[in-house]
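One chain is shown next in structure tokens, namely the form predicted on its own.
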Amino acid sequence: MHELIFNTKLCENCKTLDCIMKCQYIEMDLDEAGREHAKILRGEESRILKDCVTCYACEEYCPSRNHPFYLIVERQEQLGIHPVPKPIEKSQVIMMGPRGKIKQKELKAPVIDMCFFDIMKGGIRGKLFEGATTIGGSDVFCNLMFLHFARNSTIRERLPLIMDNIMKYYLEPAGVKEIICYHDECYGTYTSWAPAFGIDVPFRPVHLFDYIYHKLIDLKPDIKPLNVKAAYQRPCSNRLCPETDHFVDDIFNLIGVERPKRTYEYKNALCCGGIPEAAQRFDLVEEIQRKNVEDMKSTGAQYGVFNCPFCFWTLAEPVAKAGMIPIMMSDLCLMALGQ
């Protein structure tokens, strides 16, 4: 079984403890953080393991990219600490497991991996995705969401099979060597989690926004600037691939969208509240959603823009009630293309 590649000495010698001190959900001074941090390194129970909302942010906060969040998940699982109630955890593991019913499908590039969000493939349309084909479903589902459930073991067990399915049934027969990852979670799986556990990825993953940006460059003569203000809800899983976050600004600039400054964005982004809701931390959910929506509204934004479908489903209603239009990034781009 693949193990986490983690430099314990690097963490022991860390003076800033940014992974804890920058956390937006757990408050403690540097001395307490040092004591709790040491407990985690020793494999002991810590308040951090119990209070963590599994937002992934400490992966980005760590200046050494030493995978503090992946270690937290390892320790939670080893110590039997369940961030989400066990019945919910068990049902999700069963419900979202591979079915073994995958059938070969004729594909041509670009290939969009919808992950578990086949329900969203209606959005793969128009000039932006002309000629694209999609794959999706439980047999190609990256399973990274089980980080929220303290189940690194589930990801370790399933990911090699998932990648083999993608290659054997889709990419190899089509002679395609890369996939466009519809969800940050898939892209983070292949560019962050898999390397952290020493797992080779047999294809080239491309972030959806990378694809959209370069497609818009090709379609630049067709773009009609929207001249609107929009607030972006950064998904937790983008913390695993922060190098792609600039594409939001790049895309907005191309389609004539102003991104007014807000408090909870970029590194200071808050989660949508969906996972704390699954964990039944309802007071926290209410606070997170209120902060997010009020922050969006205060900027004068007309649109609330999403990439993660789960974030969209969680926040679309409160965003709409606040007088803004919730929309997926790809649909906003299609609007600029007159579609």
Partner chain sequence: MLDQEIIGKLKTILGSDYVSDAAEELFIYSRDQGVQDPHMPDCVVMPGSAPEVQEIIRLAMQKKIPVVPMGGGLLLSGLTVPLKGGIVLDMKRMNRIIEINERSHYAVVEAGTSQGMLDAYLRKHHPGLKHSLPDAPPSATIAGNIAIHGSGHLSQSEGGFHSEMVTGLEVVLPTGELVKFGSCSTVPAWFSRAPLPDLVGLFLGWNGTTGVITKVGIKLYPRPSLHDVMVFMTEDIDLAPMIISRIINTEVAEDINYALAPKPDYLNGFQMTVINVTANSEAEIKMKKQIIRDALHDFYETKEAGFMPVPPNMKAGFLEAPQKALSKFADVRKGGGFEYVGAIMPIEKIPEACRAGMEITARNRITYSLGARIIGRGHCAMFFFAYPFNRVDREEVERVKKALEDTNKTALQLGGIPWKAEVQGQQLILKQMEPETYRVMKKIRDVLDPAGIMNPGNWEVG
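Numbering follows the first chain given and starts at 1. Note that this is a predicted model, so its numbers are computed, not measured.
Here the subject shifts to the form predicted together with its partner chain, a form of this protein not shown in this document.
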So in the predicted complex, are Phe6, Lys22 and Ile26 all sitting within 4.5 Å of its partner chain, heavy atoms only?
no
Any idea which of 231 to 239, 87 to 95, 245 to 253, 170 to 178 reaches within 4.5 Å of its partner chain in the predicted complex, heavy atoms considered?
87 to 95
Using a 4.5 Å heavy atom cut-off, which residue among Ala33, Ala57, Leu270, Ala279 comes into contact with its partner chain in the predicted complex?
Ala279
Give me the residue from His82, Lys105, Lys215, Arg125 that has a heavy atom within 4.5 Å of its partner chain in the predicted complex.
His82
Using 4.5 Å between non-hydrogen atoms, is Lys15 touching its partner chain in the predicted complex?
no
Looking at the partner-bound form in the predicted complex, is Arg99 within 4.5 Å of its partner chain by any heavy atom?
yes
Just to confirm, Glu286 within 4.5 Å of its partner chain in the predicted complex by heavy atoms?
yes
With the partner left out here, which residues of 305 to 331 have a non-hydrogen atom within 4.5 Å of its partner chain in the predicted complex?
Trp313, Lys321
